[in-house]
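Just one chain is shown here, as structure tokens, and it is the form predicted alone.
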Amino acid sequence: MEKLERYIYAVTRKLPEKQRDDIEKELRGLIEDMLADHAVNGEPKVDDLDAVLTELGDPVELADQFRSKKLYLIGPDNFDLYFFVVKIVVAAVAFGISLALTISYVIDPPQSLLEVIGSYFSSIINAAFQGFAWVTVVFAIFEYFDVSLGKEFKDNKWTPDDLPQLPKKELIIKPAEAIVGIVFAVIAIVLFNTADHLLGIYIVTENEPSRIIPLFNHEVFRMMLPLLNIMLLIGIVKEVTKLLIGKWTNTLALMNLGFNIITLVLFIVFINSQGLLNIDFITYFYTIGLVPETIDPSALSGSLIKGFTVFAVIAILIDSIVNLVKSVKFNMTK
């Protein structure tokens, strides 16, 4: 009996606690039935128990059969999409870091080639690893909550009638469009988080070292950076969703509208942050004679912010309305 209890314990100890009692009863009943079949004179012996336990096999493997949900970090339903997104993100991160470092080296040349090579590869490896880690964390969360992104049919009880209709060509989303959106969003995240000082006006003269007049006030920008990261992450989620579904549906068009509204609200809050634009960036337009001195710098700053806001509103409205109208129009026609 001790060996029986040891086997049951070995099977149930790694199972979820809420399942253990039921599985223990089920397993105990199964073993008793198998012992009864093995017993010759109605009374099982030690050898009979060994034979039954050997037949049931490795308790770890048996526990896995009893488990209602398989244990994966990234399960088979999501792995193909996960690997695809990892490749895109790592490539985009590498490109973004390369771009930022190249600009940085041109503006402020390093002391030696060895320094260039060392900083370049260390930056690339570190950034690529972070991109890989974040994608893995996101997909691991999907796995934990049983979100199957890469599986169209949620069970094996399907019939041919469950197959989706062939999409109209006007509704098909080209994978390249979504991939480009993901790549640009990842590059923007890299640049905004590691090289915001490189965004601005580049001053190149013959007699003086090259310099940059940053677009943003660094302190205010870093304070508002989380909003910008959320906007870009929403964009990545939107593009991944489009890539996954592969065609415009009414649901996807409404999701796209929702994503765009959230992004627009966050952008308006971000761009209207007090002191976000660098004052040196504003005054530069006066020094080159592009803006008359009669115009107040605060008025010019306000005009630039309004221009950014109007551009964002127009772009988001066009994207939302065009895709919503297209989805409704072509999904209604047979």
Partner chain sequence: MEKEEIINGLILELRRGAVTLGVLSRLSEPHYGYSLVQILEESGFPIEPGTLYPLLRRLEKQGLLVSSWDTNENRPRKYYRLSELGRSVYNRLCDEWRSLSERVSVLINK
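Residue numbers count along the first chain shown, from 1. In this text the structure is predicted, and so the values were computed from the model without any measurement. Each form is matched to the other, and the largest set of C-alpha atoms that superpose within 1.5 Å is called the rigid core.
Here the subject shifts to the form predicted in complex with the partner chain, a form of this protein not shown in this document.
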Which of 303 to 311, 25 to 33, 290 to 298, 277 to 285 lines the interface with the partner chain in the predicted complex (heavy atom within 4.5 Å):
25 to 33
Three residues, Leu56, Leu62 and Gln65; all within 4.5 Å of the partner chain in the predicted complex via heavy atoms?
yes
Since only the chain is shown here, I'm wondering whether Asp47 would be in contact with the partner chain in the predicted complex (any heavy atom pair within 4.5 Å).
no
Superpose the two forms on their rigid core, then report whether the C-alpha of Thr287 is displaced by 2 angstroms or more between the shown form and the other one.
no
